[in-house]
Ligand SMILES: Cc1cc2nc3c(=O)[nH]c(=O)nc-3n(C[C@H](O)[C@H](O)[C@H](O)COP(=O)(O)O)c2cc1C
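Shown next as C-alpha cells: one chain only, the form predicted alone.
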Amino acid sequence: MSSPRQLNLNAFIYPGGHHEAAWRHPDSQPGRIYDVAYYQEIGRTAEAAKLDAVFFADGPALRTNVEHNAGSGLEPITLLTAIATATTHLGLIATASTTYYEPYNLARLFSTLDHISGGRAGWNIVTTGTDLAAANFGLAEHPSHAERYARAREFVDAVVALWDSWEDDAIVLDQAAGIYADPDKIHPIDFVGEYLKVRGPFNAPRTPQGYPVLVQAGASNDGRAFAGKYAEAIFTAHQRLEDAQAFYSDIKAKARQFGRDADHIKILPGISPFIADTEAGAKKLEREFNELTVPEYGLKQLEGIAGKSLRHLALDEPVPVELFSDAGDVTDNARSRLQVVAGIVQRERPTVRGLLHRLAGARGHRVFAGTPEQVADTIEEWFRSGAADGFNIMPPYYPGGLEVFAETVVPILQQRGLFRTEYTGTTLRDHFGLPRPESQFARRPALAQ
C-alpha cells in the first residue's frame, strides 16, 4: 500500500523578510543580513520543523531601489555551503542563471555543494529577467527572452551531461592494484549547440543523489514548456485557487507530454502568512507592516511590472483599470506577473496606495493573514484540490516569521497527517519523493543470448 500524499514545504529566505518594509519593523534583524550565523540559525529553525529545504533567490546586479529596502548580495551557493555545515537533513536550493554562468563552472559549484551536504542541493534555474545584469558581464544588451530560453535548454542539457559523465561505479579504489578509477566509465560529453560547446568529461564523480534537484520558476509559455521537460520542482505565484489549479494541471500535462511521471514534478506556490492568535490580530500585524512602506519604493516596483510610468496617479485615487488592460497572454515572466496585478485591479478596484500595500507583502505571491488554524486550512485546501504539491513559505519578516510558522502551523499540519514528523531520508530527492536518476552514460547490460 502506498503512503498517503504529503506536503512539501520550503522556507524561501529573503534577507529581512518578504514584506518590502520588513527591515523597518522592530521584529526583524536587518543589521545581520551579511552575518552567516543569521542564515545558519534560520536553517536550523527550518530543519527543526522538518521542512524540505531552504531556498535563495538571486540576481547578478544591484537593485536600483536599494535606497528604500535591505537586500543581501551574498552569493547563495557559497552561503548554502555554510548552512550545510549547520544542518544534517535540510535541502539547499540556490538560484543561478543560465545566461550569466558557463556550464562547467556552474556544474562544479552545485556538484560541490551536493557532495559537501551529502546530497541536499537543488538548482533553481533562471534565465535572469533584469537587463541590469548585462553591463556587469560586458554585454551591450540583455539577450531576448527567446534567446535566453534557447540557451537555457542547451545549458541544462550540458550541465546534466557533465554530472552524468562519471558512471556510478567509475571509482574502483583498488589500492593493491593501484587503480583509482576506470577511465572507460568516465565519458567526454562532446556537447555542441548553437550557443554552447562543452567537451567534458566532468572532474568529479556523481553525487549522493545522482545530481542536484532541478528547480524552475518561470511562468511564461516558454517557462512552462521548459518546466515540463526539465523541472523536478517549480516555484510559482498565484492569488486565486482557480488560477493555481489551472497552472498545476497545465504543468502536469506538459510533463506527461515529455513522457515523464507527473508526480515527479512538484508544484510549489508561494504563500506569505501573517500569523496571530486571532484573525483580527493577524490583520493588525499586516497593517503594521503596510504602514511602514515607502510609496516611492512600491511605485518603482509596480512601474517595473507595468512597463510604464505611474507618476501621474494620486496615491488615494482608484487605479484605472485600463492601465493594465494590455496584460494579454502569458508570453514572458514579466507579462505573467502583470496578469496577477491586472487581476487584482479588476477584481478589487484598489486605490494606488491600496495596490502598493497589496503587493508589498510578497511581490505578487499570495499573502494570507489569519490564525495558525486558518493558515493550515488554506494550505490544506490548495493541496487537496489540485492546486499545489506544497508551498514555498515566505515569512513577512525574518527570523520571527519563520519561527511562528514552524511553532504553530507545522504541528497542525502534522496532526492532520499532511506533513512529516521526522525525515525519512537524507537527500533532497528523498524529501521530494523523487527517484535518483541513472547516468545517461551508464552501460546497459547485454541481452542474454
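From a predicted model like this one, the values you see are computed outputs, not experimental measurements. Sequential numbering from 1, following the sequence displayed.
Only in words, not in the display: the form predicted together with the named molecule, which the text now covers.
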| item | value |
| --- | --- |
| Blocked or open, judged by overlaying the named molecule from its pose in the model of the complex and testing 2.4 Å from backbone or C-beta atoms | blocked |
| Candidate from 117, 272, 209, 127 lying within 4.5 Å of the named molecule in the model of the complex - any heavy atom | 127 |
| Contact residue in the model of the complex, from 162, 237, 83, 251 (heavy atom within 4.5 Å of the named molecule) | 237 |
| Among 229 to 237, 175 to 183, 302 to 310, 191 to 199, the region lying within 4.5 Å of the named molecule in the model of the complex by heavy atom distance | 229 to 237 |
| The named molecule contact at residue 432 in the model of the complex, heavy atom, 4.5 Å | no |
| Any non-hydrogen atom of residue 95 within 4.5 angstroms of the named molecule in the model of the complex | yes |
| Touches the named molecule in the model of the complex: residue 58 (any heavy atom, 4.5 Å) | yes |
| Contact test in the model of the complex: residue 223 vs the named molecule, heavy atoms, 4.5 Å | yes |
| Members of 345 to 378 lying within 4.5 angstroms of the named molecule, judged by heavy atom, in the model of the complex | 365 |
